[in-house]
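A lone chain, given as structure tokens: the form predicted alone.
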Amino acid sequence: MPITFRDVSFTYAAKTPFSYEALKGINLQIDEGDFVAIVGRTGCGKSTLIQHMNALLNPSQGCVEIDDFHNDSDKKKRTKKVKPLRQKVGMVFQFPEYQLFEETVEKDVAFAPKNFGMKPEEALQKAHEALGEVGLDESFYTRSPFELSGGEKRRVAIAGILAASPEFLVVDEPTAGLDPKGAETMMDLFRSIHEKGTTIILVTHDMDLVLKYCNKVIVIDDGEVAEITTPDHLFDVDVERYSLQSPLLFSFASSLLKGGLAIERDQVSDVPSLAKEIARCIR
């Protein structure tokens, strides 16, 4: 069950003097099992694009198809009930901890599964499982989410999405505001979720994350799909035209290759894999 965009365009404030076309004829497919990055300069349309995936926005033209759900520009063709879609496609916004509101952690995390029709005891069980998945044990269950650290709040908010068992998880700049160690821990969490079968769609400006975690990259430029490629291929071409910067690790590996060390650059995604390639060449 892929997410498929068919000729999707979207205009803000249509038919007014302030109208702005944010998406222009988007055609793309995100397959189950992908860990895909959506990248591009600020204001290129990334956030607008992902909000079409669970019908927070409806297309001005075209259609987004997810299984038997149609987010269509034609209201007559549009699937009316969005709740099943929003259970299928979970959205983690840039600062998800701002969405916390319940008096205890377990109640906050149980809210989504209850909203999607689970009985209270089932929802609570799902909440406990999701909290364990994000690394928060039973000592957090009855604590107030507002008394937690910033990183813990973000984990609780993510657990609230996971408790609904989404098939696709869309994460918008999930490392914003985190220190390097916190960012690495957060991304390792998403990698673990991906390895358990959830498709991850990552919106980010951090190309080091793209290189380390993603298998596919969708480049958006001025509301259009400019590239659909792999991280290795993207960083091997002129990325500056999209206001992207090659990851430091990739640039270093490229310098080694140009200097005569015959590393296989497509095997390099982090420091350990680079060290392994260097050792292989030396041997």
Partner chain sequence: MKNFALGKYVPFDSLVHRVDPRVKIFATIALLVAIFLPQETYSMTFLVEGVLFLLALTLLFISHVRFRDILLSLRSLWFLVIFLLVIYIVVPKKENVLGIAWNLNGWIVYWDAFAEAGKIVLRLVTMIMVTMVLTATTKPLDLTYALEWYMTPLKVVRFPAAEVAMTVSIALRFIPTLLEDASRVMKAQASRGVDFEHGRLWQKITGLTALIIPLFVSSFLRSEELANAMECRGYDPRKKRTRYRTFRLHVRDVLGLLLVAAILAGVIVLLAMHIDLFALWGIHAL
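A quick note: this is a predicted structure, and the numbers were derived from the prediction, not measured. Residue numbers count along the first chain shown, from 1.
This next part talks about the form predicted together with the partner chain, which is not shown.
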For this session: Answer with one of S149, Q125, N115, S144: the residue that has a non-hydrogen atom within 4.5 Å of the partner chain in the predicted bound form.
Result: N115
Seminar exercise, completed: Note: exactly one of H205, K212, R86, R78 sits with a heavy atom within 4.5 Å of the partner chain in the predicted bound form, namely R86
Problem set entry | Segment that reaches the partner chain in the predicted bound form - one of 188 to 196, 173 to 181, 88 to 96, 130 to 138, heavy atoms within 4.5 Å | 88 to 96
Problem set entry | Close approach of L169 to the partner chain in the predicted bound form, 4.5 Å, heavy atom | no
Exercise. Within a 4.5 Å heavy atom cut-off, is Q51 in contact with the partner chain in the predicted bound form?
Worked result: yes
Exercise. Contact between I161 and the partner chain in the predicted bound form at 4.5 Å, heavy atoms?
Worked result: yes
For this session: Indicate whether L57 is a 4.5 Å heavy atom neighbour of the partner chain in the predicted bound form.
Result: yes
For this session: Taking only heavy atoms into account, state which residues of 1 to 33 are within 4.5 Å of the partner chain in the predicted bound form, ordered by sequence.
Result: K15, P17, F18
